[in-house]
Structure formats: C-alpha cells, structure tokens
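Form predicted on its own, single chain, as structure tokens, below.
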C-alpha cells in the first residue's frame, strides 16, 4: 500500500466511530451519508446546553466556534471566509446565486445534460420570468462533457455557465476546471453545483475559476441534514442581487436606507440552527484531517470495484459512462423494477437509492432511462461490504430466461 492510502486499521477506527456502520451496509451516501459520532455528539451537546442556558446565551458562549466554521469551509475549498454564506442546503445556495443575477430578456444560460431538477426548474423559471434562453451541451458518445461544443456555443448574449460537478443520477465527473478556463477567457459568470462532490473530491475554487459554488452538508461531507453553504467570489458579490435582507445581512440601517455587509454573509438570514452549524464545522474538520486527496482515492477505488463486480452479475447493467467516474454507481436489473430492488436490499439491511426521470430530466430522457438504482460508496465502506452487496443482488436477480429448443433446418 502507498502512504496516501487509507490503511485497514484506519478504516476500522473510522467505522467504530460511526454508529450506523454496525447496523447497515450504507450505499446511499449520495443521498445522506452516515455522520461520525463526534459530529452527532457536537450537535447534541449544543442543544443540551441551549435547553439549559437559553438560545442567545449559548450562542454567545460559542461565538468564536461558530465564526470558525466559515474559516474551516474556506480551507476546505481554498476560499476566503468572507466568501462563504451558510445556508440550509445546496439548492438554497444555488437559487440565491442564480436568482441574484440581473437577467435581461434574451440572455443565454449554458448548461449540461446532467443538471439536477432544482437547477432545471431554475432555468425554466428564468425563461418564464426573464425570457432567458437555455443552451444544453450534451455529453459525447463516451459520456464526457463536450468542451469544444461549449466553446462554440458561447456568444455575446451568454450571461452564465451553470454546471453540476457530479450529477445526482450518474457517476461521471464533469471537467469543471476546464469549463472554468473557458468561462474566464470569455468573462462569463460561472456557477458550479458541488452538492455531490464536496467531501468526496478535492476542490479548489481558485483552480476551478468559478464565481459561485453551492454545497450541501448531508451528502459526502457527512454533516447533519439542514446544513450547507454557498461560495461567492469576492469580485462577484456586487454582481448579484440579494433576494432578501435582515439585520444580520446589513452593516448599517437607518430610517431611510441601509448598507449591505461587505461579505457573502449579506446573502444569509440571521435565524439558523447553531447546533447544526457546529455539526457542519465538525464534519468539515474531519474531512480536512483525513485529507481530501486520500478520501477521493479511497472512494474512486471502492466505486470502481463495485462497478466491476456489478458488471459480472447476469442481468445487471451499469449505466455510468465517462472518462472520470466517482463514488456514485448507477445500474438496473433486467426483469426487476428499481423500486423493488431497493426495497428487497433494504430488507437485507443494505441501503441504496433510486433515481427517477424527474431528478435529472435531460440526462435521463437523452438515455431513455426511467428509474434506476443508485449505490453510492464512501471511504468508510469496505471491500467486504461490496462483496456482500453483490452476492445479495445476484441472489435476488431474476433468473435469465431459458433458451427455447433449437431445431435444424430440415426439421429432424
């Protein structure tokens, strides 16, 4: 083993500090991963103190720790603390960024076929309310995003490039760094949905060149549900219109006017769970301590192993295509509905998810997919769990139809 790889004893320690791993084989990390015990305990301790001491009083005690969460997130993605706004999830962050753009009739948004339903709805709403145009860059025959097609699609009316880094319903990774180089060359705003990638892939917003990046905590970051953040580059903050203000988001206010904060916190509202904020911070700290490069290598290894073993099961079809694949593995089983596969595996204490057409509508329609199974691995999963998963799936797969009798041309 190489020094950068996670050793078996380290995986054992991580699993021992994650209560859920003793109960289920959890292959639904793209939905909501299992939080570490320390993250859960951080939230519970704060709530207990809040119940005894009072909400505002406990917040005051933890003021430094709560503020430090912004610095931890900034380290995670190579940003500045004043470029981070805390939100409830990636959808909220993405919509704050997208709807903050002052679109004019005829402005064009360029996106990919891999966009999540929330983003797709944002585009459709933009078409309805601002008469924007939408151009979708399809993947090539090998499942890769077509950078040349993107370059050719850009025109004087192109206002935004909006790209999902890792799709919800497929395992491919889009080339967000190369897309960013194109966006910078043409001086076009660039919005990245990193909902599925932060926590499983190493990200550097300076290297990506994005202006905005939206993230959810509950997925690969292993943070509590109801947490997330949006990165808004300092130079882009004045290009976006905050959708609302409260006393938390302004530097000063008078009877006749106000001045917004000179940071991304102008896009926040005051009221949020301080306990969950600290839980998010604990999860980010753990990811930093483990190292995102090591996490990425571990997840990519496990997912590749899962794909290879799934492909050997009669009746199972893996749908992931592309040069670079991640921890999300999508497949279907001949003769068995995806909902039934999920339910049957759950009876065996194996968690997976399903993806429907509505979740990633352009991609699913392009590839004539209706409902597929999604198995998503994390670094705390093991080779033994993959073997158990595949053996269980093979046992529940319908037997291939027997070939009918053959007859010679003479009929003898």
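Numbering follows the first chain given and starts at 1. The shown structure was predicted, so the numbers you read here are calculated from the model rather than taken from an experiment.
One more form of this protein exists, namely the form predicted together with a small molecule; it is left out here, but the text below deals with it.
Undergrad: Report yes if any heavy atom of residue 166 sits within 4.5 Å of a heavy atom of the small molecule in the model of the complex; otherwise report no.
TA: Within the cut-off, so yes.
Undergrad: Give a yes/no on whether residue 116 approaches the small molecule to within 4.5 Å in the model of the complex, heavy atoms considered.
TA: Yes, contact at 4.5 Å.
Undergrad: Is there a heavy atom of residue 219 no more than 4.5 Å from a heavy atom of the small molecule in the model of the complex?
TA: Yes, residue 219 lies within 4.5 Å of the small molecule in the model of the complex.
Undergrad: Looking at the partner-bound form in the model of the complex, is residue 90 within 4.5 Å of the small molecule by any heavy atom?
TA: Close contact exists here: in the model of the complex, residue 90 approaches the small molecule to within 4.5 Å, heavy atoms only.
Undergrad: Tell me which stretch of 182-190, 270-278, 292-300, 82-90 has a heavy atom within 4.5 angstroms of the small molecule in the model of the complex.
TA: So the stretch in question is 82-90.
Undergrad: Which residue, 326, 109, 264, 195, has a heavy atom that falls within 4.5 Å of the small molecule in the model of the complex?
TA: Result of the distance check: 195.
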